[in-house]
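Shown below, as structure tokens, is a lone chain in the form predicted on its own; questions about how it binds or moves come after it.
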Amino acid sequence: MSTAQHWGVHVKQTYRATVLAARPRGIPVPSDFAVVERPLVLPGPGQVLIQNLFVSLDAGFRHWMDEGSSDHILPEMPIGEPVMGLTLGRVVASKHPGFAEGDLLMARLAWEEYSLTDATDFFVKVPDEYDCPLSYHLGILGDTGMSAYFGMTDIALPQAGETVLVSAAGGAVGSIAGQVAKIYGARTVGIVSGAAKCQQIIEQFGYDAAIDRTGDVPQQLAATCPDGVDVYFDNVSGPLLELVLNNIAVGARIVLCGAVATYSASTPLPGPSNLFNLVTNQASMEGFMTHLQHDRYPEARTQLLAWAAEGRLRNAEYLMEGIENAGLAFCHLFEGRNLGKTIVRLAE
């Protein structure tokens, strides 16, 4: 690739992007994505050029890969265009009054090495004073870490001695949610797939017990949560939610954070048939959107980083290198290969 000098910044004249080559049918596969090379365009008035250093792979974006998936949050992803996602990058050229060259930004952009944008979408400046690896800002200090923080501290409110159950407990949000619940003195049980992953979440994230989704889940729920589930941090939804609702304790709080089971479903999954259990157990169920609380990001980052510095919170990453691996890393999410946050590094 050739390069050019502009405004004192050394930038490439072309860049690579991962585009949506086909709409996934169910679980995404690598052939649903393709890497293309595009000309790099310098900013015009009101625009910024960002070099993306890391791409965050998040299962929730699978929803907007489907035709007709446009909603009040995001539009459907067009075929042949870069895949939408969260990125961490630096401004390398700016003609926007709100951003300067060198600014570090967490943004909703695309799986691409450079992004030209008018910054009208989701953008958060990341202060440089945090003493941590940059990738933390997409993991423990990013939307995933903050989802665990807000969900646990605002809705779950775990108490010492309570049983907190977390689905997708080895994933980006689940791995942190379980650790936060432990910090508050709760007993934690994680749901994952496979005996090996059950052992991993106990050893690496401090879960007290684990449930293997490939086994008899009702039996394991009864055995690991004999007094019922006080808090269920739900990252999966679907039939698993119904099973858990049959095992909740009086006063239980169900936190709706994600719905991995539904993202690749070709037809709508049936809803829980036992919602009346919320009534009889005087329980509550509440969902939330982390990006709507960006004014509280400093609060969340400060607390999460403090817990990490104290050795009470571990950041785990499933890291791949290069834009050519973004599609593959995304597929690995749905195959359950990742432990912790899935990230692709594009540049130092």
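A residue's number is simply how far along the shown sequence it sits, counting from 1. Remember, predicted model here, so these are calculated numbers, not experimental data.
The form predicted together with a further copy of the same chain is left out here; the points below concern that form.
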Notebook entry, point to check: Taking the shortest heavy atom distance, is residue 214 within 4.5 Å of a further copy of the same chain in the predicted complex?
Noted result: no
Check: Would residue 280 count as a contact of a further copy of the same chain in the predicted complex, using a 4.5 angstroms cut-off between non-hydrogen atoms?
Finding: yes
Check: Do residue 46 and a further copy of the same chain share at least one heavy atom pair within 4.5 Å in the predicted complex?
Finding: no
Check: Heavy atoms within 4.5 Å of a further copy of the same chain in the predicted complex: does residue 284 have any?
Finding: yes
Margin query: Within 4.5 Å of a further copy of the same chain in the predicted complex - does that hold for a heavy atom of every one of 209, 240 and 246?
Written below: no
Next item on the list: Have a look at 201 to 209, 169 to 177, 67 to 75, 124 to 132 and name the one stretch with heavy atoms inside 4.5 Å of a further copy of the same chain in the predicted complex.
Entry: 67 to 75
Check: 185, 271, 218, 80: which sits within 4.5 Å of a further copy of the same chain in the predicted complex by any heavy atom?
Finding: 271
Item checked: The unique member of 157, 222, 104, 275 whose heavy atoms fall within 4.5 Å of a further copy of the same chain in the predicted complex -> 275
Item checked: Residues in 246 to 266 with any heavy atom within 4.5 Å of a further copy of the same chain in the predicted complex -> 256, 257, 258, 259, 263
